[in-house]
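Single chain ahead, by itself, as structure tokens, in the form predicted on its own.
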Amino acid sequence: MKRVLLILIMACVSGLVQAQVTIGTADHVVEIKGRLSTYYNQRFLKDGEEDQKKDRFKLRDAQINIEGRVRDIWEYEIQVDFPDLANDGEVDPANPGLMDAYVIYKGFNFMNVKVGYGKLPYSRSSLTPFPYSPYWQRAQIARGDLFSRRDVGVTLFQDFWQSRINVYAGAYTGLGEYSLRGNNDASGGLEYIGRVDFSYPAASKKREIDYVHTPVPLFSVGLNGRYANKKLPEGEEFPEYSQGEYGMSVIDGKKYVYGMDFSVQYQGFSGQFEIHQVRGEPQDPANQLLLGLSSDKTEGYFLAGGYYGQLSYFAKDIKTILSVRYEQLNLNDLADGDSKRFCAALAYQLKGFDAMIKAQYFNVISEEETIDALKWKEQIRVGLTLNL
């Protein structure tokens, strides 16, 4: 253990070593990795807006990751992001302080078992490792505002046909990134999630970019759903912040979420499409998510959801990734309008995906003003990411 800690400290302070550290015995292998990334953010405000506090440098990642396996039966991972640990209030679901802390048991022939805290088996974009992306931010629909991206619980999973088919099912607290703060909510209800994905003609890694210039078209499609019934006793509330920015990460009542994703890669070109729908049924007709409308108009439920489509090309000869993305989000069908955004990204590789200069441009085409009015109309982020 002392040897592990010593090498971990050396990796943190050197700043010059761009490779993971591997420690191994006959049965036990431990890998230690790290990540640093920072960017400058510049917003172009709407007329009449003067608050420019978001025009600043930001440390996005300062992560340490420890992965290990024992005799191909046990696997484990602990990943921590230090900038968000410094915030003891609200947690960014796209980039929380504690990112992974789980164990996987592979001793059964018919399935694998994962227990602990980590990514939920829902949404291909959410499951895709972010260091391989040319962007500084995931699409709005997959950032964790409508559904949580991480939680504590148990996941059963198995792959078939040389990993072309993957099946997942699990049960979790339903409180997402806030599940580590003490007891469950007063409802005591769990959230249940299932996912199946299929790739052809070979197994598909969860990557946004075709960095190997796949010689034949590679397709992947996934279907997933989740359900929670969390009816709070009278007078009880969910833990602070756990309902998220729009108050629907967890709701007092029933919540159904279902979605589909599609991915293709060929000769350096890659595309992703993902769509999700939320149906919320608050137990209280006066719940704020029903916008104060009568039961005759709401019928006791609201819908939210949206989609995004993304196209990218990796120009291997000039070490550059170009990407464009269009996204649409309707936070509540009981309110007029929806939000549409266009994004473009450029990433130049100094050393593959381990060291990249990345730039991202946002443009707000339209927005759902009554629910999510922004102060800005355009935004640029430029910075450096480094995997150690």
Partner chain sequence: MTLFRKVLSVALVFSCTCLFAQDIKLKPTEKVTVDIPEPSDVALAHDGKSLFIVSDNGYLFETDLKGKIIRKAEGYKGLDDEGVYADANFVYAVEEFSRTIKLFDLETLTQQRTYEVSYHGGRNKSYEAFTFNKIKNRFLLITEKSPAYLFELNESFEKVNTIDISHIARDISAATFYNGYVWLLSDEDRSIFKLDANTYKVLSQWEIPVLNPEGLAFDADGNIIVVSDAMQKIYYFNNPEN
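It should be emphasised that the depicted structure is a prediction, and the values quoted were computed from it without experimental measurement. Residue numbers count along the first chain shown, from 1.
Separately, the form predicted in complex with its partner chain exists; it is not shown, and the next lines address it.
- The shortest heavy atom separation between Phe342 and its partner chain in the predicted bound form is within 4.5 Å.
- Its partner chain is not shown here, but in the predicted bound form it comes within 4.5 Å of a heavy atom of Thr214.
- Put simply, Gly34 is far from its partner chain in the predicted bound form: not one heavy atom of it is within 4.5 Å.
- None of the heavy atoms of Thr370 is located within 4.5 Å of its partner chain in the predicted bound form.
- This chain is drawn without its partner chain; in the predicted bound form, the residue among Val29, Leu59, Ala335, Ala355 with a heavy atom within 4.5 Å of it is Val29.
- The contact residue chosen from Leu98, Val103, Val221, Ala202 relative to its partner chain in the predicted bound form is Ala202, the criterion being a non-hydrogen atom within 4.5 angstroms.
- Remark: of stretches 191-199, 289-297, 158-166, 275-283, the one touching its partner chain in the predicted bound form is 158-166 (heavy atom within 4.5 Å).
- Residues are counted as partner-facing when one of their heavy atoms sits within 4.5 Å of its partner chain in the predicted bound form; in 325-341 not one qualifies.
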